[in-house]
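Single chain ahead, by itself, as structure tokens, in the form predicted on its own.
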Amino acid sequence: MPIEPIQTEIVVLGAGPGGYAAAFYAADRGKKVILVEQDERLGGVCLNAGCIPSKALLHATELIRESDESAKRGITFAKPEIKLDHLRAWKDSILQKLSAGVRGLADRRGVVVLHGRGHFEDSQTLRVETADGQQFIRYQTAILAVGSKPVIPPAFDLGNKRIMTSTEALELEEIPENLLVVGGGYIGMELSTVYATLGSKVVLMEAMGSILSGMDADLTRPVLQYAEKAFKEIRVGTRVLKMSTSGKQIKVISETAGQKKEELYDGVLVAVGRSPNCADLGLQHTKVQRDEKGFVKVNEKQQTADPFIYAIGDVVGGAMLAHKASKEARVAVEVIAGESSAFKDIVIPAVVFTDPEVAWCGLTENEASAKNITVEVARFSWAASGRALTLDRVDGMTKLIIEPETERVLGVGIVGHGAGELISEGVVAVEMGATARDIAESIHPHPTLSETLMEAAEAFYGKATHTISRRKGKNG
């Protein structure tokens, strides 16, 4: 007998930060929702194999770095004993708690969760391969939120467990004595920091001319200075040509400035980007279109070329950030509900959780230069911050990108301890069209790192208490 399909208003395919946000928001608005996820745990890559486990490990290893630094303050500790099994279990317990929390929220909202792999039969029918067999879902609207996966070039994919992507690296099975990290983007830099702290001799190779390519140089400079001390070596402008298995090691041939080098490593982490999870979804049975890189094409309302299917998150490309996906989820649900909503002129903050952290939002100095936009840049060095001094973290800097005529803050960049927690003030300022004077005249508590935003704004007017600046705004 044919299987009777389940009827629903909205089906969401993928239960990551975008998918479950869309399902919950739609349920809160009275919609009947089914959330389909192929993995047993909800939360997607971010919760299970990305944002959350990496930040847990970064925090754990930060304690080691702080204990090493404390000797100069007259406080010494014995060399830490690292129990990988315990560290891994602690990390996994966080993921389990968060995933269970997401599942509980789904249940309380009446969202039906169906575990299995989804496949589009047509524009309004989804077939789900579950452990109990096939289940068909007939829906009015689908939201595609299947995320992305790490890219590993075919030349590096040897089927050798010593060659890892970020997914395997976060499992923390062992600490390679000599570790090669291919890729100096945020994933490569964050995981290099973790493994270097745990004892690996890290060599980082980046094909571009700098780490964290595309970011403002003054923000990345302190990160590079730390990495040069913590890692064994950093090689920019370097291409990895070939990898092969050599006993219990990986033989790597690389090229820098025309010079080839052959080396052996105990482990290799490949962090060269991510690609959308679009394979075997049955999208060919719909009108959904994809670009040359495989990402799903959407408009500013998150609509695909198929009127019954929306798409959000990593699968549509752009900044692959959990909070971007969550915002896109709200836009999609609001449009489905008939409201006027669009993902347009949205201020998206970004944070790299290196040591020190880097965070920015709005217009960057690099972007202003590339687009020939005239801006003023106000900076405040954390060397003049009393709070940074008490933390022994004077390696930071706060900068404001300001429109000269209006003195409106167009962008904010921060490098330093806790930059990810500080950038939200910048997001509010840029989103609300605040001026440098608005920030300068807003009293910030002392002594805090948040003061550096106020002092950067004051520096724009040449009136910062803790630094000397000749620059003045038009109302200075």
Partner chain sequence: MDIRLPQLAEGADSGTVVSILVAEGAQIQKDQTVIELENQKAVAPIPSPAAGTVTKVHVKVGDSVTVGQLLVSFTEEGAGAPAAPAASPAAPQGQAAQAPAAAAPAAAPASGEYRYVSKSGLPPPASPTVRKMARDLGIDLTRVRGSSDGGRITTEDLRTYITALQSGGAFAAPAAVKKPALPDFKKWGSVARKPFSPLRRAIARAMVDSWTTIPHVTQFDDLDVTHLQELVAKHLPAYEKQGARLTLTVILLKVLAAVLKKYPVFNSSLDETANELVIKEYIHIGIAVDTEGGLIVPVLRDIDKKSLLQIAKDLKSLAEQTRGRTIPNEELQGGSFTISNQGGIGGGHFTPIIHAPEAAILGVGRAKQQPVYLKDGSAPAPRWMLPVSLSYDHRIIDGADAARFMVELAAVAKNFSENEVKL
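Keep in mind the model is a prediction, meaning the values are calculated, not measured. Residue numbers count along the first chain shown, from 1.
Although not depicted, the form predicted together with the partner chain is the subject of the following passage.
Enquirer: Sort through 31 to 39, 50 to 58, 63 to 71, 432 to 440 and report the only stretch with a non-hydrogen atom within 4.5 Å of the partner chain in the predicted complex.
Expert: In short, 432 to 440.
Enquirer: Of the residues D266, E168, D218, E403, which one places a heavy atom within 4.5 Å of the partner chain in the predicted complex?
Expert: Contact with the partner chain in the predicted complex is made by E403 alone.
Enquirer: Here the chain is shown alone; which of A155, A337, A89, I373 has a heavy atom within 4.5 Å of the partner chain in the predicted complex?
Expert: Looking at the other structure, the residue within range turns out to be I373.
Enquirer: Does T125 make contact with the partner chain in the predicted complex, using a 4.5 Å heavy atom cut-off?
Expert: Flag for T125 set to no.
Enquirer: Test of understanding: in the predicted complex, would A279 fall inside 4.5 Å of the partner chain by heavy atoms?
Expert: Contact check for A279: no, nothing within 4.5 Å of the partner chain in the predicted complex.
Enquirer: Does the partner chain come within 4.5 Å of any heavy atom of Q249 in the predicted complex?
Expert: Although the partner chain is absent here, Q249 would stay clear of it in the predicted complex, with no heavy atoms inside 4.5 Å.
Enquirer: Can R408 be called a contact residue for the partner chain in the predicted complex at 4.5 Å between heavy atoms?
Expert: Looking in the predicted complex, residue contacts with the partner chain include R408, since a heavy atom lies within 4.5 Å.
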